[in-house]
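In structure tokens, one chain follows: the form predicted on its own.
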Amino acid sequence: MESAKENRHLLAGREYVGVDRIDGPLIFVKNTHPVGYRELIECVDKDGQMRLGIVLESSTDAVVVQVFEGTAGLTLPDTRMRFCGEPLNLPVSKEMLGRVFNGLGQPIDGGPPQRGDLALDINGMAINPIARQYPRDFIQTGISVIDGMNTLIRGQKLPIFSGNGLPHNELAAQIARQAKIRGTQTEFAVVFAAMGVKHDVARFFIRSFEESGVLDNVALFLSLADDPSIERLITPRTALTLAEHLAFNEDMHVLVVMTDMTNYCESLREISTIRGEIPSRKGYPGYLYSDLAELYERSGMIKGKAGSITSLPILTMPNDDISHPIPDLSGYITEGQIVFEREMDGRGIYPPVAGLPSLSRLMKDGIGEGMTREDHPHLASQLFAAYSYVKDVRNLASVIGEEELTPLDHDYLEFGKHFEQKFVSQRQDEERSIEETLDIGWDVLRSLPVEELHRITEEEIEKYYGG
């Protein structure tokens, strides 16, 4: 084993002149020394310009290299490949907060190059599952429909399932501005990774963080729509590498926002197609699940470490199809999802969070007495149950007409209107405490007769319903 490591060290930096094939962002090189998977390479064109890449495949016959900046202008005989003998590392430090970087972690804000305290492998740290700590701390986002019914827990992975044209970016920015852990002065450092987004979306986030005064606590990694699509595959990894340093070396609480995961998966499908791999569902590679899990599972908490990583991936569902492979597989990996509803957005409700398909699987462990308020679990359950009945009544009314409904059905329709207009809907600059959220929940429940409140105790009804 030691001799193999020594040989690998001696071979590091070996350079080859000329390549065998260039196909899109991929370069194929034959007759090389043994090369490691995801090894960093430096590709130099005939003019001496260097581009970075990583090894995607290594065999006795050939090595397949993925070039991040693309292969435009490269020629077969003049291209030089230098194998570095190690994976791509990112210099990280706390001073990266307040800065803007490209997808490879290089500054693009006009400031000086970052001076990292240490360089970390962008593929992440190997965490023993036994060392993980179970998430239990309630995060107050100031958004009622999340805090009250889809509670975010520190260390959780809670994706936003949205669609084109829906205000998922506005919701993500609001959460990033307002998120805090109750009972402490700790605020989140935010690591924001954008993949394939337009310039106006990137400007929106920067302006939002500047105007709210939190930009100094945010690090942005931007791989824009006009950047090489292959760069999108590395962007979330560089962002998560900084997040791991801040959380587990600097003991900070980090909120990671990644948008748009659909663009990331499209780039993954593009590379898979070029490599000639056998496609799976809708043309995506069969390893889409494990690739997404590799990113999502870098969130969480570690025993003995004070910091944490909480993840909010955003993905736009193609054709608003929640059964599409990207949201479908994401739902298996993450601990719930916040689902947007286009019909609610059309009625001017912000945030247009669908009450029934949205879910936080860790909510039950982070709410209740000593964490939020003793009535929170039963109140949330009652709101879910009542709103579910509202959906049934609305479907019935669309068939037989509202005039044929019973008086109780009309009470539920009134409750549904109050629930959406008072509890779900709020301004983008409005921050509600958990007590305000729960009080609004009780207020909308007063649209129903007390006999319909089957999930709430008599003590809670006496204390809160009659107020």
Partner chain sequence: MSSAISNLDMVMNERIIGKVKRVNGPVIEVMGITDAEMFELVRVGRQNLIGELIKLEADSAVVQVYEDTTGIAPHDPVFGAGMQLSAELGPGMIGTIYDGIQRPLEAIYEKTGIFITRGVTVPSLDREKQWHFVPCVEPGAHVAAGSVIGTVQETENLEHKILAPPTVSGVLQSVAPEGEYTVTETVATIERDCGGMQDLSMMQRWPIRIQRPTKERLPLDIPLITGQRVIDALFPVAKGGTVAIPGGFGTGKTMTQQAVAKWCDADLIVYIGCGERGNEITDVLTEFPELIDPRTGRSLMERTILIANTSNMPVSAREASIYTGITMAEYFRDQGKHVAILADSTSRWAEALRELSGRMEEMPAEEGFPAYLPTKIAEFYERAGRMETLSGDQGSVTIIGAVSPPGGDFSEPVTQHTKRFIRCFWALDRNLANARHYPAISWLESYSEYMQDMAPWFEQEVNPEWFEDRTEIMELLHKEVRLQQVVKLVGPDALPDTQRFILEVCTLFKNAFLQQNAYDKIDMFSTMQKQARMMHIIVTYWKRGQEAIKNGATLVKMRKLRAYQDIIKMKFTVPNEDLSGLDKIEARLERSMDQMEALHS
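Numbering follows the first chain given and starts at 1. Since the model is a prediction, treat every value here as computed from it, not as a measurement.
What follows is about the form predicted together with its partner chain, which we do not show.
Scan E341, D375, E231, E335 and let me know which has any heavy atom within 4.5 Å of its partner chain in the predicted complex. Selected residue: E335.
Which residue, A306, A293, I349, I108, is the contact with its partner chain in the predicted complex, using a 4.5 Å heavy atom cutoff? Contact residue from the list: A293.
Given its partner chain in the predicted complex, answer whether the residues K180, A225 and R394 all have a heavy atom inside 4.5 Å of it. Judged in the predicted complex, none of K180, A225 and R394 sits within 4.5 Å of its partner chain.
Hey, in the predicted complex, does S58 get a heavy atom within 4.5 angstroms of its partner chain? Residue-level check for S58: yes, a contact with its partner chain.
Evaluate G366 for contact with its partner chain in the predicted complex, applying a 4.5 angstroms cut-off between non-hydrogen atoms, and reply yes or no. Contact with its partner chain, no.
Contact with its partner chain in the predicted complex for E15, defined as at least one heavy atom pair within 4.5 Å: yes or no? Answer no; every heavy atom of E15 is more than 4.5 Å from its partner chain in the predicted complex.
S93: touches its partner chain in the predicted complex, heavy atom cutoff 4.5 angstroms: Outside the cut-off, so no.
One stretch from 258 to 266, 97 to 105, 121 to 129, 168 to 176 that, in the predicted complex, holds residues within 4.5 Å of its partner chain by heavy atom: Residues of 121 to 129 come within 4.5 Å of the partner.
Can you tell me which residues in 210 to 234 come within 4.5 angstroms of its partner chain in the predicted complex, by heavy atoms? Heavy-atom contacts to its partner chain in the predicted complex: nothing from 210 to 234.
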